[in-house]
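Below you will find one chain, with nothing else, as structure tokens; this is the form predicted on its own, and questions on how it binds or moves follow later.
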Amino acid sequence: MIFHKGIFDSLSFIDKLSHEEKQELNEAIKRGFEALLPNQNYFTLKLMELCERYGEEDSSFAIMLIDINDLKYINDTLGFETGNQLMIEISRRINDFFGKEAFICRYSWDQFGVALKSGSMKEWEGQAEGLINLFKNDFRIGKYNLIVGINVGMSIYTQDADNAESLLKCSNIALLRSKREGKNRYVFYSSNIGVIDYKHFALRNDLHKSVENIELRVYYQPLVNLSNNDILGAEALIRWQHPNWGMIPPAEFIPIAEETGFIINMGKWLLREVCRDYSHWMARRLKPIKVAVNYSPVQFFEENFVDNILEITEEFGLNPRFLIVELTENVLLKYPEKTIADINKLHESGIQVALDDFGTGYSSLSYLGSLNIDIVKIDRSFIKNAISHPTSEIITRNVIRLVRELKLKICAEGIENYEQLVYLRSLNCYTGQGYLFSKPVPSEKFDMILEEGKCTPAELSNR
């Protein structure tokens, strides 16, 4: 492995070095040791030293954070050995590009930090552009030619901040803006980047502590038999109660969780909470129901995806038959072989599989014919427009007919009013969910709904 795991693990070790030893270590790194790159702690220490020195000289320097795109995808599809070799080549390319003109570190798993010497904005922009152009050339790793994109966030001492911690924060915020603009972009921090980018930065920093700090919540939305209003199941949905920003919508933090890989731990936490709640319902002798849990492509990447699910249900002594695993079309589109194998393994354990957001992808009909899906969930966009738009009505009607003829179960998402419900009943759509029946609610409130056994439609204004 190119990156040394021990010597830079803590600032306490570095603090014990003499000035001469620090200089010797610093020079060794600058000479380009391929077996050693300093980590984030040492980079922070170096920035503190630079801030002190440049502050005395009344001059400026710049730092950049370089984010390597798609590293997790490469690791999961081609293997960690390929990923490690790729990072070695990336490290060499960055070292060769900057030479002695910069101080370079492995800032995190998929990021590098670079401290650039004193210069002008034009020079720093030229370095950023040159680095991005450098990555337009592919990497030859074994038998693969890999194209890797990057994003760069930059900040300047003292224009943006006058200390190491604030400089890094500014660079992180600029990096987030860069990633929003697309691959192979660089962005300098500026005060007008705005509060939205700062919030995104704060959420990214805080998310990994959300489980430990007991900030995550499980909400449930009932799945209802549309003909008689019986509760057949529930969809488990995750929520984040942030101490400063309040309740964070999933659309804000799920992409961050997927990008950082935290979605794996988050998903395991969610399933454990679902199992805990289900055990509680069974102990109270409430009606047995199915519980649907959403899985993202990142979670599906896991080699032991199914085994991890079964391991958690076994922890609670539960038969996994109560679970429904919800997958989206993009999973089926990208990884059909793995999908088929895992669906078969889930079925062996009695777990059903639902195709979520049906109708929003490109190859739905072909996959319905080749994959052993149990349930098709029609996306809310079709339900919303079916009454008022003839095209959506035709699509919705024929999709429901097709799914029924294929002997699959069907669930309509996003039912919001009586007109939609009457329409779906006329098409013999069996199951549905939506605000007309209940919005997603905390587990303690869902307990009361489940105790009733039915979920009677109500006007939204009365909810």
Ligand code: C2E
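All values derive from a computational prediction rather than experimental measurement. Just count from 1 along the sequence shown to find any residue number.
Keep in mind that the form predicted together with the named molecule is missing from the display, and what follows is about it.
Stretch-level contact check against the named molecule in the predicted complex with heavy atoms at 4.5 Å: of 414-422, 42-50, 63-71, 397-405, the positive one is 414-422.
Each of 235, 239 and 299 comes within 4.5 Å of the named molecule in the predicted complex, counting any heavy atom. In the predicted complex, the named molecule stays beyond 4.5 Å of every heavy atom belonging to residue 151. Remark: residue 380 counts among the residues lining the named molecule in the predicted complex, judged by a heavy atom distance of 4.5 Å or less.
Under a 4.5 angstroms non-hydrogen atom cutoff, the named molecule in the predicted complex lacks residue 110 among its neighbouring residues. In the predicted complex, the named molecule sits within 4.5 Å of a heavy atom belonging to residue 250.
Between the options 393, 326, 125, 273, the residue in contact with the named molecule in the predicted complex by a heavy atom within 4.5 angstroms is 326.
In terms of contact with the named molecule in the predicted complex, the residue from 309, 346, 354, 263 that brings a heavy atom within 4.5 Å is 263. Annotation for 422-438: interface residues with the named molecule in the predicted complex are 434, 435 [heavy atom within 4.5 Å].
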